[in-house]
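Shown here is one chain on its own, the form predicted on its own, set out as structure tokens.
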């Protein structure tokens, strides 16, 4: 077939990509992610190749937080979006609230072959990142902090500290600091976690609110150690900052793909999700950005070289050192209550 690439304004900020034959392809979807370098990397690694292979047009939109728009669009009865890449908890919460389609995994064999913990009735893991313990190599040129117990140990590891101003991952870190094993965290003992956080709170210099801020704190030497996202630490290290991190006791987190209830292009959306988690497409993502593939079979391909694999959060050996975030717990009433309690904790 004579193929040509189409680029248009689409319905959103990023535009449309697709591959069509001599006659315009009838099949299309609108795909939504979070924009920036991340969405650009997806376009190169996953979206463009998927559009070409399936012979469809992929219109793109981007938004930092898709959840309010998901509720508005589905509530209107006429959603515009089809597939959303969003934090996994929103997919689960949306499924429970009738906002997200239930997936038929017999039509998504690539996802059906993934570990059960990497999928839910409403979602499929798309990429992984980690909340890790990062520190300054100027302050700790050797024998730096290697666990959350070390982070909490202000006598053995003195210095300025930062944590994220959000309970997700922070409560998990507090419990691991208090001796809970990474694979025994859930259901979270919320009282115990907040008690441990009260212990470290006087020693926290900054409670950061964005990935960019966390990177700046390390880059400028404003803190000696902090919780941060692995990709942010890697980025400043590549720019020359003397910083590093450990995957030991990291909190492995993901965004997932899910389909809006009543999506206008449901059948094509299902085909796209299967293609998007194809091991080869998934393996191409970390060649373009510091995120781990959602499908672990990506590591069985020849695309990701061993030295690159060792840097990624979802590489099996790295994943084994970490706690896998339970989005099912965070989307439950207990998780929602913990989020509300966080605000009161910060105001004290």
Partner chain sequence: MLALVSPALLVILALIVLPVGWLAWQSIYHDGFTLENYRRVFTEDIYWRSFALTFEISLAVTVIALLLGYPVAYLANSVPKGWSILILSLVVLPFWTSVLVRAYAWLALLQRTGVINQFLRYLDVISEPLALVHNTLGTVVATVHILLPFMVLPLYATMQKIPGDLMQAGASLGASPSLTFFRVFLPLSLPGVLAGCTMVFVLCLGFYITPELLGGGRTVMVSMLVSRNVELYNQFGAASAVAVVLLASVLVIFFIVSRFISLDRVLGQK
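Only a predicted model underlies this, so the values are computations on that prediction, with no experimental measurement involved. Residue numbers count along the first chain shown, from 1.
This next part talks about the form predicted together with its partner chain, which is not shown.
* Asked: How about residue 166: is it within 4.5 Å of its partner chain in the model of the complex, going by heavy atoms?
  -> Close contact exists here: in the model of the complex, residue 166 approaches its partner chain to within 4.5 Å, heavy atoms only.
* To do: Could you confirm whether residue 38 comes within 4.5 Å of its partner chain in the model of the complex, counting heavy atoms only?
  => Flag for residue 38 set to no.
* Asked: Is residue 160 close to its partner chain in the model of the complex, meaning a heavy atom pair under 4.5 Å apart or at it?
  -> Taking the distances in the model of the complex, the answer for residue 160 is yes, it comes within 4.5 Å of its partner chain.
* Asked: Can residue 187 be called a contact residue for its partner chain in the model of the complex at 4.5 Å between heavy atoms?
  -> No, residue 187 is distant from the partner.
* Quick one: from 270, 217, 252, 233, grab the residue that has a heavy atom within 4.5 Å of its partner chain in the model of the complex. => Here the answer is residue option 217.
* Taking its partner chain in the model of the complex as the reference, which of 101, 82, 172, 224 has a non-hydrogen atom within 4.5 Å? -> After the contact test, the surviving option is 224.
* Of these, 127 to 135, 68 to 76, 149 to 157, 104 to 112, which stretch puts a heavy atom within 4.5 angstroms of its partner chain in the model of the complex? -> After filtering at 4.5 Å, what remains is 68 to 76.
* **Residues from 308 to 339 in contact with its partner chain (non-hydrogen atom within 4.5 Å) in the model of the complex** => Sequence-ordered list has one entry, 339.
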